[in-house]
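Have a look below at one chain only, the form predicted alone, in C-alpha cells format.
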C-alpha cells in the first residue's frame, strides 16, 4: 500500500492525563506513520467512529483509570460489529500483568505497559499489521 500506516491514538474513559499517549503519537509519527489523536475522555463509540472515518489501520488506546477490562474489549467488539476486524488494536497504560491475558483473549493484539520502548511499539505495528 502506498499511503503511510494510519493510527488512531485514543484515550478511552475518564482519564485526564495524556502525556504517555502524546509520547506514543509522536514516536509513531516520527516513524513515518500518520497519527490521528482523538483527545481525552473518548467513548468506545467515538473511537470506533474515528477509526472508520479515518480508514485507520491501527487503534492504539492508552488508559490509566483501571477501566481497561471494560473499555478495550468494547472497542474490539464495536469494530467487529462494523466489519472492521482487520484493524490492529493495541492497548497501553497502567494495566496489571494479570489483566493482560484476558485483554488479548478479548481481541486486543498487544498491551504495552509503562517503560515499553517506543521502538518496540513501532516494530510491533510494522510486523503485525495486515494491509493489502
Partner chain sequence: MELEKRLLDGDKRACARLISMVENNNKEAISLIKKLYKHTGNAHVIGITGPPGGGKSTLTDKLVKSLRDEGKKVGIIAVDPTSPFTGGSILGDRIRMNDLSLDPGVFIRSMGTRGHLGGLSKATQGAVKILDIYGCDYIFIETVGVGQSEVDIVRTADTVLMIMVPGLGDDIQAIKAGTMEIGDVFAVNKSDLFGASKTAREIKTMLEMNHNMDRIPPVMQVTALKNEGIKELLNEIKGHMEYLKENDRLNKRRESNARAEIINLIEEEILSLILRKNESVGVLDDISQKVALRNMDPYTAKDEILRAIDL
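Residue numbers count along the first chain shown, from 1. Note that this is a predicted model, so its numbers are computed, not measured.
The protein also exists as the form predicted together with its partner chain; that form is not presented, and the subsequent description refers to it.
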With the partner absent here, would 89, 105 and 118 each sit within 4.5 Å of its partner chain in the predicted bound form, counting heavy atoms only? no
Let me know the one among 84, 100, 94, 67 whose heavy atoms come within 4.5 Å of its partner chain in the predicted bound form, would you? 84
So, in the predicted bound form, is residue 76 in contact with its partner chain at a 4.5 angstroms heavy atom limit? no
Any of the heavy atoms of residue 25 lying within 4.5 Å of its partner chain in the predicted bound form? yes
Find out whether any non-hydrogen atom of residue 130 is located within 4.5 angstroms of its partner chain in the predicted bound form, and reply yes or no. no
Its partner chain contact at residue 71 in the predicted bound form, heavy atom, 4.5 Å: no
Just give me the residues of 3-39, first to last, that have a heavy atom within 4.5 Å of its partner chain in the predicted bound form. 3, 4, 6, 25, 26, 29, 30, 32, 33, 34, 35, 36, 37, 38, 39
